[in-house]
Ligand code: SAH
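As a starting point, one isolated chain is supplied in structure tokens, in the form predicted alone.
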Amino acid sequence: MAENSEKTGKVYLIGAGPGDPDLITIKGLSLLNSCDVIVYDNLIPHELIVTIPPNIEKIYVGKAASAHTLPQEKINELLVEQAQQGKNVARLKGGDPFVFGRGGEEAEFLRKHDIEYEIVPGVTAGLAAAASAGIPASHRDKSSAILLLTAHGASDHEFFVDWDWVGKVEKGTVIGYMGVKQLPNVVERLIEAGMPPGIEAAMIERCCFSTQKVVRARLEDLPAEAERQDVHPPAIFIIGEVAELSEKLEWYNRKILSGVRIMITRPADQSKWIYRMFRNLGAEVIAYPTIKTVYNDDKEGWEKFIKSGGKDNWLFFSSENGVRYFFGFLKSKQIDLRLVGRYAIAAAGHGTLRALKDLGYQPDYAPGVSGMVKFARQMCQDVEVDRVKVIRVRGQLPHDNIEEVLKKGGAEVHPLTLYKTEYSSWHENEIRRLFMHPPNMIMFSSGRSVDGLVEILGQEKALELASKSKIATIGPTTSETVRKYNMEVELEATRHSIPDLINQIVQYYQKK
């Protein structure tokens, strides 16, 4: 981390790999989580960005066809400016930064301005596309050479690639980037140069996403087949004998939720396990949190906690956030954890229970009761709460039904308000990407997350997105909020928990 603005920072040119966020290297991910600012491109998996610590500044500079946020020259200047302010900069690029990623130009500009930099290689899209489509880029019997090229500009007067030379390649694999629009020109030039028109070829759209599309055809038929199957950028074309192995070696889209896009709207810091679970089931995760939480410093609440511990007194947790902020504060302030041992612990909700167990705490009271009010009522029946002090760990609420129930049972309730919920914000290009590839299913785990979607997009755009998707909710209260905005609910969890909701989504697509 940068120590001060007088010290020049360092720029890390990091390859994120293509599609699947797990394809970034361990070193790359470590740098993302420890830098001061991230400058990132259009094709970066959104999950990588939203799960980065909130204190790290994030600057979007994505480039898409006919839509450049910043020209390359300005990006170069931005990297220098950030480093000169003493910041360590993660310049995050799709694939590998030195393979058609213009990383070389950025490195030259940094060197010219005496900015220290480091290259962190990534999995390049061409090789990843081949692997995910079941095409071995090299093969002892079919290909002893791999040629990576860019088809961008193939129809210009000045060709970037010597297609006449490429057309004479034998026993090799030609892998082309940025070639959707130029594919007919490329194929025509290659065949004119002598490449056999009947050689096997393939085009892979959105490689390493669950929704990747693989189009196979003879070289001369590939442009027409790609148009028939409506292939869009980003896509990679592969030409060579190895392409004929694709159907035989296909492996990628063979899971329960393969081809399904699921949008997760709950805060990213609570959702990493959900993202991973859905990806393990084959889904493409659309990580677009509509709400976020921030710490609230409740000095009076903390004072009550420190002074109120004693026999028969309770700590009441009802959310993962409460657990995270509570123990995070104790750790940051180096407060003796033995203070927690002076309380009995109540944990309401599956996520709360899991969060406590992850920290090594076994709650004293955690019945499998659905709904927070029902939980509080059950606790009043099962536990003697009359004249007992309860520290109620919670977020900011206009009205706390749990506190009300416990007080009616005779408890002395002291709220410890550790966080507040705010609406997220999305860059306009992130919204554009969302509508380019809309989700098949939107998952809401609270009414607040529904409100957040409408707040970010506006009701008209939110309705448009919902009309392209199915909606799944965690329970009746959330469903009521969805319907308030004239959106329809397709699925509702019966046990009002995230695992049950995930299970119902899986069953829904299994039936389909």
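Keep in mind it's a predicted model, so treat the numbers as computed, not measured. Position 1 is the first residue in the sequence shown; the rest follow in order.
Another form, the form predicted together with S-adenosyl-L-homocysteine (SAH), is not on view; read the next lines as being about it.
- For the candidate spot formed by Thr124, Cys207 and Ala235, every residue has a non-hydrogen atom within 4.5 angstroms of S-adenosyl-L-homocysteine (SAH) in the predicted bound form.
- Shown without its partner, this chain lists Pro223, Pro289, Gly351, Gly101 as candidates; in the predicted bound form, only Gly101 has a non-hydrogen atom within 4.5 angstroms of S-adenosyl-L-homocysteine (SAH).
- Between the options Leu330, Leu281, Leu110, Met178, the residue in contact with S-adenosyl-L-homocysteine (SAH) in the predicted bound form by a heavy atom within 4.5 angstroms is Met178.
- Of the stretches 322-330, 389-397, 270-278, 207-215, only 207-215 has residues with a heavy atom within 4.5 Å of S-adenosyl-L-homocysteine (SAH) in the predicted bound form.
- In the predicted bound form, no heavy atom of Gly240 sits within 4.5 Å of S-adenosyl-L-homocysteine (SAH).
- Though the partner is left out of this view, Leu43 does reach within 4.5 Å of S-adenosyl-L-homocysteine (SAH) in the predicted bound form, counting heavy atoms only.
- Interface residue remark: Glu200 is not counted as part of the site for S-adenosyl-L-homocysteine (SAH) in the predicted bound form, having no heavy atom within 4.5 Å.
- Proximity of Glu106 to S-adenosyl-L-homocysteine (SAH) in the predicted bound form falls outside the 4.5 Å heavy atom cutoff.
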